[in-house]
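Just one chain follows, in the form predicted on its own, and it is written as structure tokens.
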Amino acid sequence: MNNLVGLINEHGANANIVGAVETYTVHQLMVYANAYRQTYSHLSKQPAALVYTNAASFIVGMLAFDGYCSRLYLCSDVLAKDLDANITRITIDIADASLTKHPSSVSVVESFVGEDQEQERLRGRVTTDSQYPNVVTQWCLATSGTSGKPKWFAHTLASLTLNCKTSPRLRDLCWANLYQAYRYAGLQVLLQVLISGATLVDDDSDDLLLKMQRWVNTNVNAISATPSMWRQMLMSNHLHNIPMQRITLGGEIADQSLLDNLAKLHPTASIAHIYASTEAGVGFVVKDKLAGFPVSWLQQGVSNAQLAIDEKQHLRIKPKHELDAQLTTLTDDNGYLDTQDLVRLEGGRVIFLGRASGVINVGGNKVPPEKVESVILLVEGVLQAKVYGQPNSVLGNLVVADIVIAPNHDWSNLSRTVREQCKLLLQRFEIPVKLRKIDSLVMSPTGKLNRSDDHV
């Protein structure tokens, strides 16, 4: 199936998008999409940028321009500024009285939306009207830009939906919207909701406690978030109020202590950590509630990819889908992409250590900060940890850790336990020389631990 509308119709899905004021079905959004496609008919086979406003409006744009535009850049206002000036920016807000920034489209949209009896026919016209082309749109997503200017990588709808599943049980799920939908992780949640016919609760509040209260009120039972986000939710002491059926983690290393805490709080929920990147897409999904992935996958592969470890202890992945041409320099002759993620074998598992680009150089020894954090997080009473390098004139860097602890724990005793744990499980040069108790850790806009801020 070449387009999103066709894929949704193929599965008979009619997802619900619960906004702050109004709830829309996808069939209702298709009516808007049909009108917007007509309004922007000059963009046939042309590139366009879809600027995010809210989930329902973003879906309208996705339905309208997938299978129609040659390239569709999914972006925020900020990301749109860096695009080529010749690319048309489209900002849709169906809750806005003006409906669109494009003045000529107002009457077109209004004329379609008022005709309820025509909705089924109009829905079909999005895909079947012969006056429109049926192109394979490239979906372009930007990296987070934490290590420089964001880069754009192209995907197809087929590669983006490789991991999307359908079933009656998945249709009954109600997802919270925690990610920015123009980022890879957020788009994955949005596509899963649309194709499975589930419900998405959209909320742009920055207050986590308000969000969680709304999730309770709207019967949310499925959440996708980074491990840093999950730790924040656990710290709130409100996560137990949400009747979780599906928990997914991605974007950062899912350590065993976090997986155990989530399983203990929601023993009947399915828990999966997803290995994916904006550059290469979804690699694989681990569902056994254990950190890392089975060593056997290095020989037999997983559903969507073949895996290998190179001489630098980097994980290499060979997905079934075609990779963006920009990744050619990181791909070997056998088609395996260097993910630049450091791993090690431990028992029957392949354990993630961290990004190769983020290691701390201590007198010539490489220390992945995520490895040290995973050891610190094993200590009861530690809620969050961030490890980084502090410049040193002799060794280059020393390892330092910032730690957030539970309110009912004594820092003196807990820090002593952390040091003992580090001595037990880490090499001498990996042990933090300084532990700092702090109130909170800064998160990036993508929900990951911010590793670029100033520490000292």
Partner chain sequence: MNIEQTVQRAMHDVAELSDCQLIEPIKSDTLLLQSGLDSLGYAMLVAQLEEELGIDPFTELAITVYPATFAEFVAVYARGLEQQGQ
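A quick note: this is a predicted structure, and the numbers were derived from the prediction, not measured. Superpose the two forms; the largest set of C-alphas matching within 1.5 Å is the rigid core. Residue numbers count along the first chain shown, from 1.
What comes next is about the form predicted in complex with its partner chain, which is not displayed.
Taking Asn361, Asn219, Gln313, Asn237 one by one, only a single residue has any non-hydrogen atom within 4.5 Å of its partner chain in the predicted bound form, and it is Asn237.
Think of it this way: in the predicted bound form, its partner chain has a heavy atom of just one of Ser277, Gln232, Thr199, Thr161 within 4.5 Å, and the residue is Gln232.
Contact annotation for Leu327: none of its heavy atoms lies within 4.5 Å of its partner chain in the predicted bound form. Residue contact with its partner chain in the predicted bound form: Asn408 places no heavy atom within 4.5 Å of it. Under a 4.5 angstroms non-hydrogen atom cutoff, its partner chain in the predicted bound form lacks Val295 among its neighbouring residues.
At a distance threshold of 4.5 angstroms between non-hydrogen atoms, Leu208 is in contact with its partner chain in the predicted bound form. The stretch in contact with its partner chain in the predicted bound form, judged by heavy atoms within 4.5 Å, is 390 to 398, chosen from 390 to 398, 26 to 34, 43 to 51, 65 to 73. Contact annotation for 396 to 428: residues with any non-hydrogen atom within 4.5 angstroms of its partner chain in the predicted bound form are Leu398, Arg419, Lys423, Arg428, listed in sequence order. Once the rigid core is used as the reference frame, the Cα position of Ala254 differs between this form and the one not shown by less than 2 Å. When two forms of a protein are overlaid on their rigid core, residues whose CA moves 2 Å or more are considered shifted, and Val18 is not one of them between this form and the one not shown. Here's the thing about Gln427 and Leu259: their CA atoms end up at least 3 Å farther apart in the predicted bound form than they are in this form. The gap between the Cα atoms of Leu259 and Arg419 is larger in the predicted bound form, by no less than 3 Å, than in this form.
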